[in-house]
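Take a look at this single chain in structure tokens; it is the form predicted on its own.
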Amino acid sequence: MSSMDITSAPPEIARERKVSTRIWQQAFASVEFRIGLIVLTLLIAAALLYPQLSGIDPTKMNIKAKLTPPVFMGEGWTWAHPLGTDQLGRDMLVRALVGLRYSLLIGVSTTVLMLLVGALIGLFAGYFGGRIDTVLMRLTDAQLSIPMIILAITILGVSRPTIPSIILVLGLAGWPVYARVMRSTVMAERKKEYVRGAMVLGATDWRIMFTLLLPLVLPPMAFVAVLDIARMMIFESVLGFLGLGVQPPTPTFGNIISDGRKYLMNAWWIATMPGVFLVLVLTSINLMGASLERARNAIYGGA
């Protein structure tokens, strides 16, 4: 058997792929996962399609229609604005759905960045060990000592917040947990026979790391990362509420709720409607993530 054979299709990776498939199948069989998937799919479809199909500009002001209540919620409501309008006459349904777009974009992108950075740092630390491991783990410990939200507020407070900068700040602040998990797993896998066999047959360190270890370890970490999407969406909303998120007139959950708090007594829907959408999307993601976590624990626990 050649080194190409060992590094291209080791039985461990094939086994892990089967386990990952079983996890998805078992999670999908649960009612919670299906409910979360249906709700999330409907929300994403609405966020992508309704603003375009309605032809309503989420930033266009119409003072004559300001503070219009949602349907059946008071005098002056209209089907043209099902969830009412804000203090500047902007449609709340369109603004909430556009805010959902940005929240999901930042949440998913940030989680992917955290996962990739943490996985790479943990991979190098766990595989090479020695001084490389010491330096990378001390860097990880230093990063863990700084709360993510404090770091984000500090950096974004002295610069103009944009979508790329928010993703970069949150992503580079949240990778240490993934690095620690990846490091411990790689250190255990590195001692196994299939890795030693690849070394004996002349496979390079880079080939072992990126064709043997990374495909084996990354899928289980990805299941856990689903729950982090919801966490990053909450952080994005907090930053927007504090004025450190995506800047107006672009609507996001945080800045809409921040504007609406001034009108809670006479126009409660301005702050409430984005909150309802945020709760729905966070609940759906958490239902899916919890189902995946339970399936993962059941399968690995029974293995």
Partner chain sequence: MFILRFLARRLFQGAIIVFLVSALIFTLLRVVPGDPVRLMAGGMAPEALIEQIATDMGLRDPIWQQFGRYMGGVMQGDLGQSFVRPANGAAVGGASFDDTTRSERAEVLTLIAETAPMTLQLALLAMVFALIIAVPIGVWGGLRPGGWPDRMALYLSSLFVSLPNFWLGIVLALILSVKLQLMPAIGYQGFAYTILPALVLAIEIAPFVIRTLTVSVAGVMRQNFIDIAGVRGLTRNQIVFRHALKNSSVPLLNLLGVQFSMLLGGVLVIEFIFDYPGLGLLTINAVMQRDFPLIQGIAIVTAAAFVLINIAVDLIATAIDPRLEY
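Positions refer to the first chain, counted from 1. Source: prediction; values computed, not measured.
As for the form predicted together with the partner chain, it is not shown, yet the points below apply to it.
Non-hydrogen atoms within 4.5 angstroms of the partner chain in the predicted bound form: do 32, 257 and 278 all have one? Verified in the predicted bound form; spot residues all in contact, yes.
Answer range among 198-206, 229-237, 122-130, 212-220 for contact with the partner chain, defined in the predicted bound form as heavy atoms within 4.5 Å: Only one stretch qualifies here: 229-237.
Look up in the predicted bound form whether residue 164 has a non-hydrogen atom within 4.5 angstroms of the partner chain, and give yes or no. No.
Contact test in the predicted bound form: residue 78 vs the partner chain, heavy atoms, 4.5 Å: Outside the cut-off, so no.
Can residue 62 be called a contact residue for the partner chain in the predicted bound form at 4.5 Å between heavy atoms? Looking in the predicted bound form, residue contacts with the partner chain do not include residue 62, since no heavy atom lies within 4.5 Å.
Contact test in the predicted bound form: residue 271 vs the partner chain, heavy atoms, 4.5 Å: Answer yes; at least one heavy atom of residue 271 falls within 4.5 Å of the partner chain in the predicted bound form.
Sort through 71, 105, 187, 146 and report the residue having a heavy atom within 4.5 Å of the partner chain in the predicted bound form. None of the other options qualify; the answer is 146.
Just one of 45, 53, 265, 38 has a heavy atom within 4.5 Å of the partner chain in the predicted bound form. Which one? Going through each option in turn, the one that passes is 265.
Could you pull out the residues of 71-88 that have any heavy atom within 4.5 Å of the partner chain in the predicted bound form? Nothing in the stretch sits within 4.5 Å of the partner.
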